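Below you will find one chain, with nothing else, as structure tokens; this is the form predicted on its own, and questions on how it binds or moves follow later.
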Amino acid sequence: MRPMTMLEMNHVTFGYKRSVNVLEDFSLSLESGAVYGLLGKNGTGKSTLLYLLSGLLRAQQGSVFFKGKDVRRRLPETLGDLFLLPEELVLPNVTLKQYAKMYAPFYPYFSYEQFFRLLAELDIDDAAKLHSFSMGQRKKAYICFAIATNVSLLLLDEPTNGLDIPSKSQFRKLIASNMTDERTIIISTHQVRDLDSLLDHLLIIDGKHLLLNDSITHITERLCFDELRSGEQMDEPIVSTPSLGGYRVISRNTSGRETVIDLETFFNAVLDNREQIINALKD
């Protein structure tokens, strides 16, 4: 069965100042059942895009529809079915149990059982005050709450900031194990290595525009990602960048090989060699 269209953004223009647009004539269509990685340099509009998708910001031009409803109307059925986890967390001085009691009623599909189970998996004390937590603990607790809302649209803005290496691994497992065909997850990040194995689809923005909108499956069907030792050669690579002890190489996949995407190298290649990469993906 074909996935349903979850989000439609049509010709959106938005700027915080009238003379400077962050996004310009920006269009995007996203389906259910996928984890999208939203990549871009700092200051290129990733957070702005998430806030527009959630209805917290209103476009000067264009429209955004979530499940066929205009997000600018901020209808209860829309707000109860999407959740935005911001990069900066300002949380009340209450326990996690109290926090859940305060905010869970806004989400019709919230699961207390799931929330407390996720907290236990991450060894977080649900009776402790949020203000006593470190930044990483607060982030993990809020991620648990976000997942337990069981909303159709989950927007995560730099969710791995403040997490140590084991916690980043836990984050990936939480997202993967709580993904469903009815849910869409968009993860905005500049820490691309944190998400290599998690994403189904890539969105790359730069400046005011969408540079790339493609699935990981299609990218790896068209391109090969290899690491060569110093002295090794490869015919006609599209991109070759130095790495420790050799080179990271992107080349056309002419033999049907299966390789794992090197997200950091690919992201930089799209920024620096966009025309060559796009042409290779089209061939």
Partner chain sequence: MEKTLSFSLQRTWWLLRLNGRLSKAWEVYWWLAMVGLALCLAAFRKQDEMQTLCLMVAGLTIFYRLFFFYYGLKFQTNASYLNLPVSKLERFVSQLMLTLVLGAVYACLLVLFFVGARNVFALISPEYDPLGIGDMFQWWATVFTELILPNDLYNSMGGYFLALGCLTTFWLALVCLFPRMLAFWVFMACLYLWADLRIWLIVHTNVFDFFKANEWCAVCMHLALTAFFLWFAYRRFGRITLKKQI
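Positions refer to the first chain, counted from 1. Keep in mind that this is a model prediction, so the values were computed, not measured.
There is also a form predicted in complex with its partner chain; it is not shown, and the following applies to it.
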## Note on the structure
The one residue among Arg257, His218, Arg58, Lys69 placing a heavy atom within 4.5 Å of its partner chain in the predicted complex is Arg58
### Message
Can you pick out, from Lys173, Lys101, Arg193, His209, the residue that has a heavy atom within 4.5 Å of its partner chain in the predicted complex?
### Response
Lys101
### Query
Which one of these stretches, 77-85, 158-166, 196-204, 183-191, sits within 4.5 Å of its partner chain in the predicted complex when only heavy atoms are counted?
77-85
### Message
Residue-level question: is Tyr109 within 4.5 Å of its partner chain in the predicted complex, judged on heavy atoms?
### Response
no
### Message
So in the predicted complex, is its partner chain close enough to Val90 to count as touching (4.5 Å, heavy atoms)?
### Response
yes
### Task
Spell out, yes or no, whether the shortest heavy atom distance between Phe65 and its partner chain in the predicted complex is within 4.5 Å.
no
### Task
Answer for Gly136 alone: is it within 4.5 Å of its partner chain in the predicted complex, judged on heavy atom distances?
no
### Task
Answer yes or no: in the predicted complex, does its partner chain come within 4.5 Å of a heavy atom in every one of Ser47, Val94 and His131?
yes
